[in-house]
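There is one chain below, alone, in structure tokens, taken in the form predicted on its own.
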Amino acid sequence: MRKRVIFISGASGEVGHELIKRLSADGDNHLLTFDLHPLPDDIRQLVDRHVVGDLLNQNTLTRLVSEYEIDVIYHLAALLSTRAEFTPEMAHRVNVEGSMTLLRLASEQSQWRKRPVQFIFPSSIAIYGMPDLESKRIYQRVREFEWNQPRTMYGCNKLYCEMLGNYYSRHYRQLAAEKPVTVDFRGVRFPGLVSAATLPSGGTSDYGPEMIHAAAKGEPYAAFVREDARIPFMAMPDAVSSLLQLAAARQENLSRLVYNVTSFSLSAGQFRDRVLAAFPDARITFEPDPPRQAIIDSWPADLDDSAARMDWDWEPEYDVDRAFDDYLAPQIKKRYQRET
């Protein structure tokens, strides 16, 4: 008998670490993780097996399917927004072809099991594209179906993968004589994520977490955006909670496949002020980089997550005060105290 597992791609990234901790707390969960990089020892001991490999290597995945029955896929692997702009073709391969590979695997497993494999997909605020600052000022809280005109390769990739998820979930092999078992695809569109446990890793919103990590290390930091640049943010524990809550929601309660989730909206200047409140000696300046600033300007100032709140009772635990006072500042201080 093949062992039933939860499969996590991109497990060594920011979201992966927190997700593994949460899922492993339930002794009934068996975790199969996958990434280009090994897991840290403290995380590795929480999973049944970690595979170092490339999602685009079909042979590796075929071997895993022969050994494991996959119940749920958390597809976290991605080449993030800033890095994707330097290598857009590679970003397409990783973000789109990698997702397609796992959707195909999920579909095949669904047919074999005769019940849907659940496919949980973290999408991004990057799928939005506001045309100018005046539009961003007028349309303060953007709904899921508005301004889906991304200006980055990462945003294009994420939006297309949402559409692929919609196809595999609702329309797969729609002309076949016998209707197949379809994938149970569910996605969340994250705002900028801030983590106390892991370092920023190439996202365009990382000027926020980079500020606080630099302050904790006593290093100066020049943010690549204007002081008035505003986007929404979320603490990492809430990001993982949203994935788990959506996965646990009853399918009949879901009015859509992809949902906005968010917590608080701050300008870069307000983010700096919060960091200074925790680290009074922090040296933070602003040196806007026009191309990256243009990307931030195209993202909404806030997201409307009312659909998630209505359909599956989404509500973040960390508002702006608790995110900084109870999570980011104390945990990041401890992190760098240990390192010294």
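Start at 1 and count along the sequence shown; that's the residue number. Computed from a predicted model, the values in this text were never measured in an experiment.
Just so it is clear, the following notes concern the form predicted together with a small molecule, a form of the same protein that is not shown.
Chemist: Tell me, please, which stretch of 111-119, 161-169, 174-182, 79-87 lies within 4.5 angstroms of the small molecule in the predicted complex when heavy atoms are compared?
Modeler: Careful reading of the contacts points to 79-87.
Chemist: Going by a heavy atom distance of 4.5 Å, is residue 73 a contact of the small molecule in the predicted complex?
Modeler: Residue 73: no contact with the small molecule in the predicted complex.
Chemist: At the 4.5 Å heavy atom threshold, is residue 154 in contact with the small molecule in the predicted complex?
Modeler: Yes, residue 154 sits close enough to the small molecule in the predicted complex that at least one of its heavy atoms falls within 4.5 Å.
Chemist: Does any heavy atom of residue 225 come within 4.5 Å of a heavy atom of the small molecule in the predicted complex?
Modeler: No, residue 225 is distant from the partner.
Chemist: Do residue 191 and the small molecule come within 4.5 Å of each other in the predicted complex, heavy atoms counted?
Modeler: Close contact exists here: in the predicted complex, residue 191 approaches the small molecule to within 4.5 Å, heavy atoms only.
Chemist: Go through 98, 237, 150, 203 and name the one with a heavy atom inside 4.5 Å of the small molecule in the predicted complex.
Modeler: Exactly one listed residue reaches within 4.5 Å, namely 203.
Chemist: Please identify the residue among 261, 212, 106, 125 with any heavy atom within 4.5 Å of the small molecule in the predicted complex.
Modeler: Contact with the small molecule in the predicted complex is made by 125 alone.
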